[in-house]
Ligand SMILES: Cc1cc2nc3c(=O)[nH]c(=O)nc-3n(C[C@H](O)[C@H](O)[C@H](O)COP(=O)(O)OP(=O)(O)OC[C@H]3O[C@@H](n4cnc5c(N)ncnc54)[C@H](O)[C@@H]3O)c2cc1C
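First, one chain by itself: the form predicted alone, in structure tokens.
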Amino acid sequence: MKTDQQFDVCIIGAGVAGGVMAAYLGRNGLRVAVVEKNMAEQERMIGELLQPGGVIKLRELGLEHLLDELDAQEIEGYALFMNGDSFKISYPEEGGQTITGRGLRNGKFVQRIRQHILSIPGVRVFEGTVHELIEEQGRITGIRFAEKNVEGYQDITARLTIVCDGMFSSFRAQLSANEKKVSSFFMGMILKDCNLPFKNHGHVIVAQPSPCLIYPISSTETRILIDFPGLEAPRKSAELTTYLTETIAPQLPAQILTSFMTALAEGKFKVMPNHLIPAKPFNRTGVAMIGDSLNMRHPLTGGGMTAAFSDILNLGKRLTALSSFENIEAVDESVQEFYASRHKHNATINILADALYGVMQNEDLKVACYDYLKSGGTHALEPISILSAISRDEPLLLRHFFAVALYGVGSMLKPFPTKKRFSRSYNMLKTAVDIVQPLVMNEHPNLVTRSAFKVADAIF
């Protein structure tokens, strides 16, 4: 056991969330230790789309420069495709200019963040594996870890330990009411020199049986994510190749087929589970969670990094405002204030992600959503402001969610109502309630919202 090392904050994990948190705290004068299992660049298919709301949060953190030198591509909005039809929606404008997101390579972004924190005097980075949280008299006081190429264990003592070790967190079960649910699996491939129908846009293919996402991640690379519903991950096989060739390929825009078939022939793909993990942290002193360790949603809307940056700004501002880190009661109070307030910032991101995925699994709602957005005006502009995380207005999100269902009812009852059409309309509204209600309840809704859903329960 080596000599104990004292810091203000110890961060477990130097991915996007941990790295940015370390950069923000270190630049604001705190002594920060970061322990990361593997500092080498990783090849990942997650965290490659940053919505405009996330770019804004990174700017507020004073860290927007981390997006430089990555060959990151500006994303100006979304294009939707279904049954040979398509349209696009641009992100909101500010000062006459579209507020853009970014498509980027996750591994390159993480390494850029790590290079930055290594340059900050108050931050020390260790490459090693955290074995346990150290607890003394009911309080987490630091960590015990094994540093790479160093014998034995070392202890780091800190006023606050921040856990952000990702979707497969080793410490989530100790620190929260762990309710992890796998919604589906994404299979990801990189398309080279792909000619996208709408330049600098994310592309959503409203396909059968499940959606596909396509967006640029560098000047020569485009990411495609193909959703596989259920609990079984796709595996490389002749059956999978046939499925991708005969079912998925015909639903993709013609412009990208050459790149898609080339990537398919190369056979290089990754698969990841899509998790729903509501934030339900325990009230434990001396420790906090952020990032995917704390909270995950379906990646369909690309909200993960935006939610993480929102949490970093929320918690980081509270911690850096403290007059002294010696006052551990004040540190703990800052964490509890963060947990109590984070839903206000991230509820729309969490609800929309899994609600939209649920819509994509229901044929009637899927058609209604496509037609509603295509009708334009506020039907498109307000939802895209929420998707982009520029707006965090939860009542606005719910109004549009149910407006989609009612829009579908109106279309379904034309040209005249019948018993069968009424029944189908009722089932569509019931499905909409069933999809969104548990997601809203995960986000600490107010009394009015809870009462409204009680009424909906009585009706449906």
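Residue positions are given as counts along the sequence shown, with the first one as 1. Only a predicted model underlies this, so the values are computations on that prediction, with no experimental measurement involved.
The protein also exists as the form predicted in complex with this ligand; that form is not presented, and the subsequent description refers to it.
Visitor: Test of understanding: in the predicted bound form, would G303 fall inside 4.5 Å of this ligand by heavy atoms?
Guide: Looking in the predicted bound form, residue contacts with this ligand include G303, since a heavy atom lies within 4.5 Å.
Visitor: Whether G166 contacts this ligand in the predicted bound form should be assessed with a 4.5 Å heavy atom distance threshold; does it?
Guide: Looking in the predicted bound form, residue contacts with this ligand include G166, since a heavy atom lies within 4.5 Å.
Visitor: My question is simply whether P216 lines the interface with this ligand in the predicted bound form - judged by any non-hydrogen atom within 4.5 Å.
Guide: P216 lies outside the contact set for this ligand.
Visitor: Would you classify Y91 as touching this ligand in the predicted bound form, given a 4.5 Å non-hydrogen atom cut-off?
Guide: Y91 lies outside the contact set for this ligand.
Visitor: Is it true that R159, G316 and V335 each have at least one non-hydrogen atom within 4.5 Å of this ligand in the predicted bound form?
Guide: Negative, none of the three is within 4.5 Å.
Visitor: Using a 4.5 Å heavy atom cut-off, indicate which stretch of 38-46, 400-408, 60-68, 431-439 touches this ligand in the predicted bound form.
Guide: Of the options, only 38-46 has residues within 4.5 Å of the partner.
Visitor: If the cut-off is 4.5 angstroms on heavy atoms, which of these, M261, M272, I328, I120, is the one near this ligand in the predicted bound form?
Guide: Residue within 4.5 Å of the partner: M272.
Visitor: Pull the contact list for 185-210: residues with a heavy atom within 4.5 Å of this ligand in the predicted bound form, in sequence order.
Guide: Counting only heavy atoms within 4.5 Å of this ligand in the predicted bound form, the single contacting residue of 185-210 is F186.
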